[in-house]
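Form predicted on its own, single chain, as structure tokens, below.
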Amino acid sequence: MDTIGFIGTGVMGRSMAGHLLEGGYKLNVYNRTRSRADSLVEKGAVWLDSPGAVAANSDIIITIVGFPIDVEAVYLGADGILANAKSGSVVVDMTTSSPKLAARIYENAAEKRIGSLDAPVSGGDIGAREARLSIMVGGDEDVFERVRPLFELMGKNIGLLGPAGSGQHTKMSNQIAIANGMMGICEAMAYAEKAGLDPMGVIACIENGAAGSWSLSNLAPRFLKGDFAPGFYVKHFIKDMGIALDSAKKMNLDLPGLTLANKLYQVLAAKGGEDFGTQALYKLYKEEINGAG
């Protein structure tokens, strides 16, 4: 079996890497904050001191880090992955990042005979924990097929969408739908409460109809209980929306809904909510927009 390197063991990465261990793979790990990898090391993962060390000692290197600037540093830095990975190895970036950067990594990897996939995910902390993430992949089909068994340990809905960057473009489509949908969910629940309804009862009634969505069924109950713990951080969602808006601008595409959602999340972050989960937008609707604080 291939030896797997895993870089980025945060809210989602730790669960994803754990599924690979449970699948019988030898796992090398690195995370900027070492303590977040301790539970994996206790289960048999091997800690290495840098992304370069992980790359040099692994056949398939998977990353899920924070921002495009982190992806660039991890892959293209002096002690980064591509400077140390072996010819014939494969790199898989599962961070939500820039399509343009994904294509750049692919081109740099190809020069060294290293396979490269961009494979961002959707499903949040719950999907990562329960191994039912959606995985959106860009890259070459033969490389995708080599990595598919790993994807199948982490997710359920897995697709190769096209060449390098296609996974990231697909994730941007996903984030646009989520951002607009979250505004609608917040407004629907605010309306239900103002009308004197039990919002949880409303969810139960409408979630299996045309209004149904993963966010309605999973995130609305959280925010109604005042649970704003992150499955996916507001600060990372703002990053994603920024990437989508930048890509749309380059394609001469106007996205008014996403523009509004980005503005509202920026306000939430400025008020101390950047480390909340994305469902915390409801807090802004309740306390600021409708003055129900």
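Between two forms, the rigid core is the largest collection of C-alphas that superpose within 1.5 Å. The first residue of the shown sequence is 1; numbering continues from there. The model shown is predicted, which means the values in this text are computed figures rather than measured ones.
Not on display, but discussed next: the form predicted in complex with another copy of the chain.
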* Hey, in the predicted bound form, does residue 149 get a heavy atom within 4.5 angstroms of another copy of the chain? -> no
* For residue 178, is any heavy atom within 4.5 Å of another copy of the chain in the predicted bound form, or not? -> yes
* To do: Mark residue 35 yes when one of its heavy atoms lies within 4.5 Å of a heavy atom of another copy of the chain in the predicted bound form, and no otherwise.
  => no
* Does another copy of the chain come within 4.5 Å of any heavy atom of residue 244 in the predicted bound form? -> yes
* Asked: Looking at 41, 229, 69, 260, which has any heavy atom no more than 4.5 Å from another copy of the chain in the predicted bound form?
  -> 260
* Asked: Among the candidate residues 131, 183, 103, 83, which is the single one with a non-hydrogen atom no more than 4.5 Å from another copy of the chain in the predicted bound form?
  -> 183
* Asked: Going by heavy atoms within 4.5 Å, which of 84-92, 104-112, 198-206, 139-147 lines up against another copy of the chain in the predicted bound form?
  -> 198-206
* Heavy atom within 4.5 Å of another copy of the chain in the predicted bound form - qualifying residues of 247-268 -> 247, 248, 251, 252, 253, 254, 255, 256, 257, 258, 260, 264
* So, does residue 198 move by 2 Å or more at the CA between this form and the one not shown, with the core held fixed? -> yes
* Under a superposition restricted to the rigid core, does residue 188 display a Cα displacement of 2 angstroms or more between this form and the one not shown? -> yes
* To do: Examine residue 25 after superposing the rigid core and state whether its CA is displaced by 2 Å or more between this form and the one not shown.
  => no
